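Listed next as structure tokens is one chain, alone, in the form predicted alone.
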């Protein structure tokens, strides 16, 4: 079997169907058994403005990030695609409309921007769309067919997905789009092609589970459903909104509840209230929403109320850049609340991790009686990957609460009993003989207000020490090391979505003979001090790449361990380039590229 590793970028204007074409393409190749990573970039403006790009990396072997250069660039709008012509590798293909050159101003046609060494594929896109469908609206399907024909992909899976995607719009729409695809396919299949940009022969691998295509947010939803989420309260905010949208569709089918509240403060307040009542509950938001939830997260901490908050980071302070990715809400997730209000914060590194972290978050919230923040970002929320899910039932513990013990006659229930592990038996309204009081005030073991120095110290210690148990939570990857074992020249310490780029850079550095290793850190609070310190002991230099300006994770590592790290902090409004990380590895190892 020949390995396939092809990246295709489809570029157009909002309203051209760019994202829809990418969606059909990724589902078609995933159905054929290929591994896919896809990330869509779109503008905050309404339809008719702004640039849309759908980038897909299609492989037969495991990959961890998008490539810096694409093998194929498809233009649905030359004004947007021309600036990306330089992103196509040598001998890569550039596909564009061939007939409109007479109507373009000087320098506005793609044909004038294909670089030497790149392969131009101009074809009459509008004419084919007009003949096949009677209009130009299906240009995206025609160009999709052209790609499939040019690269030698089987058309049947595309036709099935087109039928499924447009079924609700009626058979006429399905037929028109299928005709557009077929016209493009015939044109592409009849075009001279170079082996350099063709798919190799490939046998679909056998899988031990169910292989599906999911975005990060969709994986979160699947994790919530498999963990049997009871209630969800939310307020729309990019890029977390699709979590609520999908749950709004799925929860009622299972007899469960979702409420769209009037704001983020109401959403977190209702989530905490539901948690107090014994419901497995969650909300989702992004940076500005997390800021509004800060005070209520403190309430969940002091009342020791289980709840889960999914936070998908976006760029900038305030409303910032809603459709750009960044990893700059780490400090807000760790510290955003008055007082000493430590909570559990976990950050998945890929789409499958989104699924596992979502389900495990409910276990941790219940077992350690605390809010749990699951920290994604736009790149991970909107990124599509093929993931394998178990077909043998939920992998999550569906009730992780510490069981109540039988009370002795006359014994009062102590909601905040000081126990060796810091975790008190949890009662909810309705449990017999367990009446108790909960407020936002500091309290004694019964829950009654008490602000003595001794009690505040004891309760503060209890709220912090119990969380350390999460570092050994069953069946959960807190940290994981990759690459060379033992002493290495360079160690890469990474969290969140950037880890994929770090892993790719590490593999490339190893191929150049550089001894290096990478550690992904999934649990950010409580901080896995021992594991990270042991990793750093093996490294001559430790590199911390992250997509924020201040180097927030690097600051956290240095603050806890008082050991130096090399920061690689950038805010490119896009994922960290692999080549940038590789360049730093080379520099730190003393190797010149």
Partner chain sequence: MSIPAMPVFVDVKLREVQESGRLEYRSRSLPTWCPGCGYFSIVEGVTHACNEMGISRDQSVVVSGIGCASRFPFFVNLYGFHTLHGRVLPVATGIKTANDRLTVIGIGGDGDGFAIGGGHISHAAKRNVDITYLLFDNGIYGLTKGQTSPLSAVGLRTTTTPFENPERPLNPLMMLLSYGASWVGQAYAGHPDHLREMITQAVAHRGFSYLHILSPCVTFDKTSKTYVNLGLQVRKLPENHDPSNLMAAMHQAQDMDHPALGLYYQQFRPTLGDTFEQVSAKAGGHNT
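Quantities reported herein were computed from a predicted structural model and do not represent experimental measurements. Positions refer to the first chain, counted from 1.
The following text describes the form predicted in complex with the partner chain, which does not appear among the structures shown.
This chain is displayed alone, yet in the predicted bound form one of 399, 391, 262, 90 has a heavy atom within 4.5 Å of the partner chain; that residue is 262. Only one of the listed residues (274, 81, 345, 128) places a non-hydrogen atom within 4.5 angstroms of the partner chain in the predicted bound form, and that residue is 274. The stretch from 317-325, 158-166, 357-365, 448-456 that comes within 4.5 Å of the partner chain in the predicted bound form, counting heavy atoms only, is 448-456. By the criterion of a heavy atom within 4.5 Å, residue 470 is excluded from the residues contacting the partner chain in the predicted bound form. Taking non-hydrogen atoms only, residue 254 approaches the partner chain to within 4.5 angstroms in the predicted bound form. Taking the partner from the other structure, the partner chain in the predicted bound form has a heavy atom within 4.5 Å of a heavy atom of residue 436.
In the predicted bound form, at least one heavy atom of residue 233 sits within 4.5 Å of a heavy atom of the partner chain. Taking the partner chain as positioned in the predicted bound form, the residues of 292-306 that bring a heavy atom within 4.5 Å of it are, in sequence order, 295, 296, 299, 303.
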